[in-house]
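Below you will find one chain, with nothing else, as structure tokens; this is the form predicted alone, and questions on how it binds or moves follow later.
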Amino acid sequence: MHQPNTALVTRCDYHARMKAAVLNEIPGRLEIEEVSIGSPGPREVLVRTAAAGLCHSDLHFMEGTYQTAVPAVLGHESAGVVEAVGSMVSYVEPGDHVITCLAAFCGHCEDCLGGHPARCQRKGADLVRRPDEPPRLSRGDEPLSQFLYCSSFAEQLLVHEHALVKIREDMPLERAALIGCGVTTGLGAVFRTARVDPGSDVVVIGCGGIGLSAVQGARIAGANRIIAVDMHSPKLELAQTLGATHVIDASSDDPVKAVKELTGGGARFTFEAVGLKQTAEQAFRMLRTGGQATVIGLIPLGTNVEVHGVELTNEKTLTGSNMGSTQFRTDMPRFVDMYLDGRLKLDEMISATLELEQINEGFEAMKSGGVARQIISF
């Protein structure tokens, strides 16, 4: 580990100008603007962004399904190269390759110390600047909100070191960006939240970036049947390429009935990667006795999910997963290794590589439901 750096930069030595995608109102589109970014203060790191993935979570905030303070620079799935570090930074140094992660952690609360950093409740207080300090991002005299501790749709990022993981330099950064959210969320739900056993029957509902990662997690974990459910044939074909043994077209088939027929009564593990009441309830109904349904998708605020109460006596479980219950400082380097040794397939998941100015086109394509993952390349 590097010794703490005490002298590379001091806070607010400069305010660099850069291009960023700004959300000015909700609902709204992103606007490409020139904004200012500060210099690293204590425990902060300045990163040159190499790539950022378009995640459906960003779209939720753009459409108002979830709320965030505006104006804000959106984006949270990214990778890049460290340009400068502030005082007291001990984890990285300039030149290191890093992935950002919204599951930033304080490191000293009960959840962090108990091995569950993704549940950290203090990061909102410990990992951001105080109101009396200059903002990390600004537009003229106006502060800009930093989205999910990252704000990845920008040429540079200024983040707390606890929002970063250092990775091997032979890992392509455009592929590494995917690991920053979608891949880790899907793999982690399989490996950490549900702890899928070898030989199990697994169902994944929704074959976007997160669902396809869950399919791959089930394959790597040694699942027996891996059943992918979606309404788009190209995504089902991609799921088969990535490890699904069976596919169900939910646009024409009853997915619950089809799963029960394929598995002889129900699956041991199901994963909902859409974020809808209907699909979450389907995931529970697909279970066999003792099965576990894990909801990964972001279900809209105010929406209740219902289950048939008597089925709980059959020891069926409905649970959620936050960022795949990740311990990202250890998980993400392992996922990098899995990609480089051929077990984890990322190239196949990229539907398109875009420039920052094409970002709204990318989100329009996402709404159509026909893409897996799109990357902004800087």
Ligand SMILES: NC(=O)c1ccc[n+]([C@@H]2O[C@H](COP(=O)([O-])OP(=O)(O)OC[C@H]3O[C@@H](n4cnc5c(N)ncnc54)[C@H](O)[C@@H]3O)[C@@H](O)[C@H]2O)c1
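Owing to the predicted nature of the structure, the values given are computational and were not obtained by experimental measurement. So that there is no doubt, residue numbering starts at 1 and follows the sequence shown.
Just so you know, the form predicted together with the named molecule exists too; it's not on screen, but the next bit is about it.
- Only one of the listed residues (86, 266, 71, 275) places a non-hydrogen atom within 4.5 angstroms of the named molecule in the predicted complex, and that residue is 275.
- This chain appears without its partner; in the predicted complex, the one residue of 283, 218, 157, 181 with a heavy atom within 4.5 Å of the named molecule is 181.
- The partner is not drawn, yet in the predicted complex one stretch among 291 to 299, 93 to 101, 195 to 203, 108 to 116 has residues with heavy atoms inside 4.5 Å of the named molecule: 291 to 299.
- Put simply, residue 173 is far from the named molecule in the predicted complex: not one heavy atom of it is within 4.5 Å.
- Using a 4.5 angstroms threshold between heavy atoms, residue 322 counts as touching the named molecule in the predicted complex.
- Using a 4.5 Å cutoff between non-hydrogen atoms, residue 187 does not count as a contact of the named molecule in the predicted complex.
- In the predicted complex, the named molecule sits within 4.5 Å of a heavy atom belonging to residue 55.
- Along 236 to 254, a non-hydrogen atom within 4.5 Å of the named molecule in the predicted complex is carried only by 250.
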